[in-house]
Each structure stands twice: as structure tokens, then as C-alpha cells.
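What follows is one chain in C-alpha cells, specifically the form predicted alone.
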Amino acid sequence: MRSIKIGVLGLGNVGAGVLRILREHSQTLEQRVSARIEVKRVLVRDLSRAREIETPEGLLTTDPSEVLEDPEIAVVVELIGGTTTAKQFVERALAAGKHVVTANKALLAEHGDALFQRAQECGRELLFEGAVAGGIPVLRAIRHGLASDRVQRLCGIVNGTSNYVLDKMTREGLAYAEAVAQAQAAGYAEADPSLDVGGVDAAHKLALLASLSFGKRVTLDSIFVEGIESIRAYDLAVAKDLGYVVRSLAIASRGADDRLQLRVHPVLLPHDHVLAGVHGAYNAVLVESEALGRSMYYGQGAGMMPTGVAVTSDIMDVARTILANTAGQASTAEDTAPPQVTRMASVVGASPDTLQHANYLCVHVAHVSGVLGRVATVLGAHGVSIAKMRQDHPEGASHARMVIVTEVVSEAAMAAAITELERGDDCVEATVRIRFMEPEG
């Protein structure tokens, strides 16, 4: 039986998961691919470091050339993360005639156009199923399963850290800092969780999802991003009283003029919405397409084994391509070639100011006479109508929390009203704003 040799860059959690799957499922993989997939070299920084998985003597190396320049290695698996060294290694691998599999969403979101073009020039594949939503095969579903359909909208929970934090705050009443600390202790959040809770990680993933779904090259600067850092357990408790759950969603939709709305931000979902029931660090992506209608992809969005499954599936796809062409060239057929975003027009995102939402506001004001009238006057001056209002006074505090649910209003009007509210001397803290999910067709 033919052997296809691979080299792995990085042996962190995901790298260990890939090696474990290749080892423990070797017989099944051989049957499905009709070839042995053999790991020849694994690049690490420190040979003496303790690993999640035992490795045979001679497998590990600290010299990238032993992976990138070995003529026997046909596939390089990039799992080191980051965007600088990873980009250099991927470029070197492609130039050396190797196919590449990666789970690096930041790398592809920032440099994907150049790397896909380089892969095309070299006649090699660059696959990245593990870069979005861990082991959920959502990219594969969009790329192949929905290839004959036209995606109109997608929205989902694609960052497990933010979802874990919001879920803990909602179901256990934890403060934000405590929920983040628990996420870190559970291994769902980095020591510096800012990319996750700030929405940037989800924006990287949305860029890839939207590029595949809409056939346009999506860059980070076309995505509106808002994190969850300002949300408190109080806001989530009020949302629950109103019949809603807060989730941080990545949303992309096609407008009537074919322009895309791209955004990542917290959203108030009705408690019976399908995404409201996604708990912990799980991910879910809801896709709406013209022919199929709604389809949802749900599962573990991160971790050693879930992401390892996605990466290994890509390795298997490349192995099949190599076997199908005795010269080892990637097929140029559109159904098997990697998505060449360099052929796509860059997206011109529609301004978020054109969106309209109902909103939850928590305005923190001094407990003085006339403050309610001022708040109502400011909102009215900007065309913001009040649907509901309640006010309470935190124990021991000198200020009031004024909770307001607005009618549907434009982003521009709502932002201007909040800016004017916060200019007042009676406003003692930043206003918390959470958008309600717009009605779905």
C-alpha cells in the first residue's frame, strides 16, 4: 500500500490531536484513503518539553528545513498559529511543491488572498476546515453541500470562549471577571482573552465563512466588531426576565443590492431561538440559502480532538487528490480546487448605520429630579421611541439603573442618542447597549 508522508508544524493541543487520530484510527484511514498516512517529522520549539502525546524517537525536530525541504514529505500541516512565521512557513512549503493544511484562521483572514494565489500558482492545495468552528464541518458543507445553492444569510456562535462566559453569567449569575477566570481554568480562554471576548477571533472566522458563502473576498476592515466586555450579569438577568438570552453572534447577510452586512456583536435572542440553546463552549452556525432554506451545523468548536478531526479530514482529502493524480498535482477542477479568493472581487460592506434594530439600553444616571425627563427628551430628539422602561437603584449606590427597550431604530440614530446621553453630567457610567435580533424572514 502506498504511503503518503506528512510533516507537522507545531505540537500543541491540536497537533497532539491530529497525531492521536492518525495513530488510533490508522486502519480506518487506510481503508478510506487507500494509502497509509505517515507522519515523518514534527517541528517543535523545545525537544525537552512535556507533550500531550508520546512520540517515537527521531520524530521531533527544531529545524523547519527538515519538514519544509524534505522531498519525501508531500503535505505540510501548519499548526503553530500567528501570522508571521506561519505565513513564511506556508509560503516555503508551497514553493517546495507541498500541499498545505492549516487551522490558522488569523493567517487566512489577513493573508489568505496572497496564500491562495501562491497555492494556485504552485498547483497545490491549501485547505483549512479546522480554522472555523473546530470539528464542525461547516466549511465543507458550504463549499460542497451548498455549492449549487445561493446563501443569503448566515449567523452563528463561532467563538466558544465568549459563549462560555455569557452562558456562565446567564445560568449561574457570575460576574464577567469570574466567568472569564473559569473559562481560563477550563482551558477555553487564553491568559489574555481579549481576541476572544473582544470579537476579533469571531471576525477572523466570519471573514472565511463569508468568503466561501458569498464568493467575495472579505477583509477584517469590512466587519463591524463589538465584544462582550461591557455586559454584566445584571443585563443578562433583565434579558431573562424579558424572555431573551444574550449570545455573541457572527452575522453575514446579502442585501437587495448584493452588498454584504458583516458584523460580530452581542445579540438578544428569544429564549426559544435555536441558537439560544447553544451552551458552554459549543459552536453553531445557522445558514439560510435559497433552495435548501435553513440548515444548522452544531458541535464542539475548539479543542484537541474536535479540531484534530477537521485537520485530519483535510489531510485525507489532500491524500486522495495525490492518489488521483500520479504526478501529485492538485486537480484544477472547480469542485476540488481550494477557493481561490484572488479571483473574487473584494467586498464593499454596507454601512452598519443602515441597519435597524430594537435595542436594550441600561443607562446609569444620578438619582436626581428631572433625569428621566432628560433621558426621554434626548431619545425623542433622535427619533428613538421607548417601548418599555424600568428603573432600579443598586443597594448602596447613589445612582439609578434605567433600563430601556426601544422600538426599531437605525444604528446611526441610536448611536447619536447614546453619545448625547453620555455627555450629560447626570450620566455616571457608560451606557450598555445590546441589539435585539432583527426579525428573520
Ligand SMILES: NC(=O)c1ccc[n+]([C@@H]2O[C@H](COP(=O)([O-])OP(=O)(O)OC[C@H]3O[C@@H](n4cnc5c(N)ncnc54)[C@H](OP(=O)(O)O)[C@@H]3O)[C@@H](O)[C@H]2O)c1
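Note that the structure is predicted; figures quoted are calculated from it, not measured. One rule holds for the numbers: they count along the sequence shown, beginning at 1.
Another form, the form predicted in complex with the ligand, is not on view; read the next lines as being about it.
Q: Heavy atom to heavy atom, is Asn104 within 4.5 Å of the ligand in the predicted bound form?
A: Because a heavy atom of Asn104 falls inside 4.5 Å of the ligand in the predicted bound form, the answer is yes.
Q: Arg51 versus the ligand, in the predicted bound form: is there a non-hydrogen atom within 4.5 Å?
A: Yes, Arg51 lies within 4.5 Å of the ligand in the predicted bound form.
Q: Does any heavy atom of Gly130 come within 4.5 Å of a heavy atom of the ligand in the predicted bound form?
A: Output for Gly130 is yes: heavy atoms within 4.5 Å of the ligand.
Q: Would Ser295 count as touching the ligand in the predicted bound form under a 4.5 Å heavy atom rule?
A: No, Ser295 stays farther than 4.5 Å from the ligand in the predicted bound form.
Q: Select, from the options 286 to 294, 261 to 269, 156 to 164, 299 to 307, the stretch whose residues sit within 4.5 angstroms of the ligand in the predicted bound form by heavy atom distance.
A: Of the options, only 299 to 307 has residues within 4.5 Å of the partner.
Q: Out of Ser230, Gln182, Thr85, Thr219, which one falls within 4.5 Å of the ligand in the predicted bound form, going by heavy atoms?
A: If I apply the 4.5 Å criterion carefully, the residue I get is Thr85.
Q: Consider the chain as shown here, without its partner, and state which of Gly280, Gly145, Pro137, Gly81 has a heavy atom within 4.5 Å of the ligand in the predicted bound form.
A: None of the other options qualify; the answer is Gly81.
Q: Mind listing which residues of 1 to 35 have a heavy atom within 4.5 Å of the ligand in the predicted bound form?
A: Residues within 4.5 Å: Gly10, Leu11, Gly12, Asn13, Val14, Gly15.
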